[in-house]
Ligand code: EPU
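Next up: just one chain, as structure tokens, the form predicted alone.
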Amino acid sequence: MLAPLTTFGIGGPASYFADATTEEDVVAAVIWAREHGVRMFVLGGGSNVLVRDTGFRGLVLKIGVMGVEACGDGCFEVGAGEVWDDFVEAMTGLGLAGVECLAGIPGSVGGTPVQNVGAYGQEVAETIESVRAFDVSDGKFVALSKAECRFRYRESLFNMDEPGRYIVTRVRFRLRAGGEPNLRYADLQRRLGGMEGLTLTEVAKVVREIRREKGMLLVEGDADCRSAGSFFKNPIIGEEMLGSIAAAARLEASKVPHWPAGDGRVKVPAAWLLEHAGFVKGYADGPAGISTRHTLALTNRGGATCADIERLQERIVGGVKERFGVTLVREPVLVG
């Protein structure tokens, strides 16, 4: 069963399963899958996936390539199987800035460039120098530069442009020695209340505390943690749509929270849309529900199936579309 390997705790079995602890294991698995004519899905920390109840008819390859190598001048090459938050803790402890606001995010290092993980004013793309991956199409390892990874909001070469082509095995980060903590995000500013001289470790600790309060930090026994994190992406829309959204919410356009997204577009918080469409914290649909502490997290309240989560997803997407004319997009990868 794949359920225990995911933070959702949902999902049926895989036909075949392999744990790749070396790059040679990755190559062998790709060759085996090709020779046997079976599909392959690459699994990291299981924090951004929703596995169907029927499981996956093919080979699930779990990436466990480890190791953290210092390359000098704030540069580190990190195995894709390393726990992301362990890496953040180590870097902030060394006084290296660039990932302090990404503390507490579950999953492995290899998954961060795929989704261009971001939170509290930072994106992992800001610190990635290159990604080493196995090119399934060409049958060789490649080093992809930051530009070649084509990072944008929650998207990259790996999950949008050429999904399934590359298997990430190592990521090279460049961090800033003696850099100041990133305190641009409103939640952090409110929590820290103008405090000065904070260390990177202190900021990372506050970020983890905020995530825990929102049920977004993995804590044993906490039902709100049985999720895939934020389930919907913040939609990017044309600025002209703000008026219609405001009218539907019976507000002035200036009251709709948004941020510039370039080219006459703006980003609107998906959580705000959910709440104003009636999908509030604690909303439940049988064993599936919305976290009691975070509007964007759909949760397994106990015994939920993939079908339960998908039914709730469809209800929310339909409700927000009907109210505001905005179509929400799921963030977790659907497997199976």
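On a predicted model such as this, the values are computed, not experimentally measured, just so you know. So that there is no doubt, residue numbering starts at 1 and follows the sequence shown.
Another form exists, predicted together with this ligand; not displayed. Remarks below refer to it.
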{"query": "Candidate site 118, 154 and 269: all three near this ligand in the predicted bound form by heavy atom within 4.5 Å", "finding": "yes"}
{"query": "Distance check, residue 294 to this ligand in the predicted bound form, heavy atom within 4.5 Å", "finding": "yes"}
{"query": "Contact test in the predicted bound form: residue 275 vs this ligand, heavy atoms, 4.5 Å", "finding": "yes"}
{"query": "is_contact(residue 185, this ligand) in the predicted bound form, heavy atom dist at most 4.5 Å", "finding": "yes"}
{"query": "Heavy atom of residue 234 within 4.5 Å of this ligand in the predicted bound form", "finding": "yes"}
{"query": "Partner-proximal stretch of 118-126, 171-179, 238-246, 87-95 relative to this ligand in the predicted bound form, 4.5 angstroms, heavy atom", "finding": "118-126"}
{"query": "Option touching this ligand, based on a heavy atom within 4.5 Å in the predicted bound form, out of 57, 311, 301, 281", "finding": "281"}
{"query": "One residue of 265, 150, 214, 205 in contact with this ligand, assessed in the predicted bound form (non-hydrogen atom, 4.5 angstroms)", "finding": "214"}
{"query": "Residues of 298-336 having any heavy atom within 4.5 Å of this ligand in the predicted bound form, listed in sequence order", "finding": "331"}
